[in-house]
Every structure is written in structure tokens, then in C-alpha cells.
Ligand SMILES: NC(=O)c1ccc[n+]([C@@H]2O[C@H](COP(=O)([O-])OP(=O)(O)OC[C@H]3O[C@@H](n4cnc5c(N)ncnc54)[C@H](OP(=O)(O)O)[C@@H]3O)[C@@H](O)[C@H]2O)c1
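For reference, the chain that follows is the form predicted alone, supplied as C-alpha cells.
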Amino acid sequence: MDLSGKTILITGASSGIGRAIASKLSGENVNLILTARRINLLEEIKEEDKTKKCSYLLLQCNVSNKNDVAAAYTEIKDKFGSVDLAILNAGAGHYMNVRNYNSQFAEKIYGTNLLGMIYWIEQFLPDFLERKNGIIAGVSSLADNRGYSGSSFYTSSKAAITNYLEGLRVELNPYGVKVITIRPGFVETPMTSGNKFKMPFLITAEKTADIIIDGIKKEKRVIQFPWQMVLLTSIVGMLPGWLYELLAKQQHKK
């Protein structure tokens, strides 16, 4: 897929993977729509762009607020008509155990990760169906394969995203709309910087952005990386429940 001349939406573009993708795409001849709660950080991306090849629309938007998303899409339609590629990247996570259990963590994580994606797709999907064209690229995680201790809200939100996108891929195939599932391993971002556990095969946000953009251009069904974590999580995912829980229990004691 040639991205030249395309209108591209990136949610959660103010930091981490979203910001890295936005910075990489700023050097291409595209219409770039960046959304985040912190619009001042989006302004920085625009100011750092020395190529001046692309046209920008910066939108302050809380993806977990359905009205915010609807208002943002109205602005997009007013300026560009619609989008060609939606990179739905906005994400949230929080380490949680039974001693600090709080449903507010679930509301934030599910609201951002899952409902935020659903709210955006609800807005642009009618245009995609009418045109019989468009690409939805949703960011899930390799952590979607099991319920990891301390991250059950996060991992279950990512499992829901992976299943949701797979169902959409099948349903939208007859309409010419492509759905890409992005499953990264551990990435250096502000969200992971607070993790107190070892993160094997950690990669930079910039390298992550390169892999994602290349995969989108090749229109892959699933973009998953790095290969070492893909292999490791595949093995962990195949373990019988009793064995996985036994190993997880031993790890939890350390």
C-alpha cells in the first residue's frame, strides 16, 4: 500500500508508540490526524517536522468519551472528508493486585483500550462501507494470550481487542475494508517505564513504529513482534491451565 496522499488517523499520538508512528509518517506526503488528551504534545510533533510534507489536524480527544470521539470525527470530516487508514493506538495500563483492587482501574483501561477503539470505528465505519475501502489497524498486545498476574484488566482488554478485530476482519472482508491486528511485545514507552518486572526482548518505540508502518504498507493481517516474544508467548499460550498456574504461582513467590 502506498501511503502517499492518504488521510491517516492516529489515536494516542502524544507519546510512546503513537508518537513514534506520527513522527515517522510526518516525513511522508500524507494528511495526518493526531489525537490525544494532551494537545500540547501533539503540537510538539508538528513543530519537530522539518519536512513540511504533510498536512496536520491536531485534536484533543479522550477516546473513552463517546461524545469526544464523535465531535473529533466531525472535525475530521469537515477538513478531510474521511480517513483512509485508522491506527487505533490509544492505550492505558495499571499494575494491580488484590490489595489495591479498584474498579476505577478497569474503567480506565477498558474505556481507553477497548471502548475507545469501538467508539472510533463506530464513527468512520459507515464511510468505509460506503466507499468499500479503508484500513483499520488496531493495537493489541502479545499479552493477549493469558491472564498475567497483576495485569488482568490490561491483558483481558487486549484479549478482547484481538478477538474483536478478528471478527471484524471476517465481517468486513466482503466490503473491501481491511483489518490489521498489531501485537507488540514489550516496548520502551512512558507506560512501561514504571514496570517493576523484567521485560525480555524490550524494543524501542522508534523500532516498533518502523515495524508497524512496514506491516501496514504490506497490508499484513497480523503484525506481531519481536519474533522471540511471539515464540515465547505462543508456547505459554499452549500450556494447560494447571501447568501455567503452577508456573505463575512459583514466579509470583520470587
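Source: prediction; values computed, not measured. In this text, residue numbers run from 1 along the sequence as written.
Omitted from view is the form predicted together with the named molecule, to which the following refers.
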| item | value |
| --- | --- |
| Partner contact for residue 191 in the predicted complex: the named molecule, 4.5 angstroms, heavy atom | yes |
| Residue 178 within 4.5 Å of the named molecule in the predicted complex, heavy atoms | no |
| Residue 37, heavy atom within 4.5 angstroms of the named molecule in the predicted complex | yes |
| 4.5 Å heavy atom contact, residue 62 to the named molecule in the predicted complex | yes |
| 4.5 Å heavy atom contact with the named molecule in the predicted complex for all of 16, 139 and 158 | yes |
| The named molecule: the contacting residue among 123, 112, 151, 145 in the predicted complex [heavy atom, 4.5 Å] | 112 |
| Answer range among 26-34, 48-56, 181-189, 215-223 for contact with the named molecule, defined in the predicted complex as heavy atoms within 4.5 Å | 181-189 |
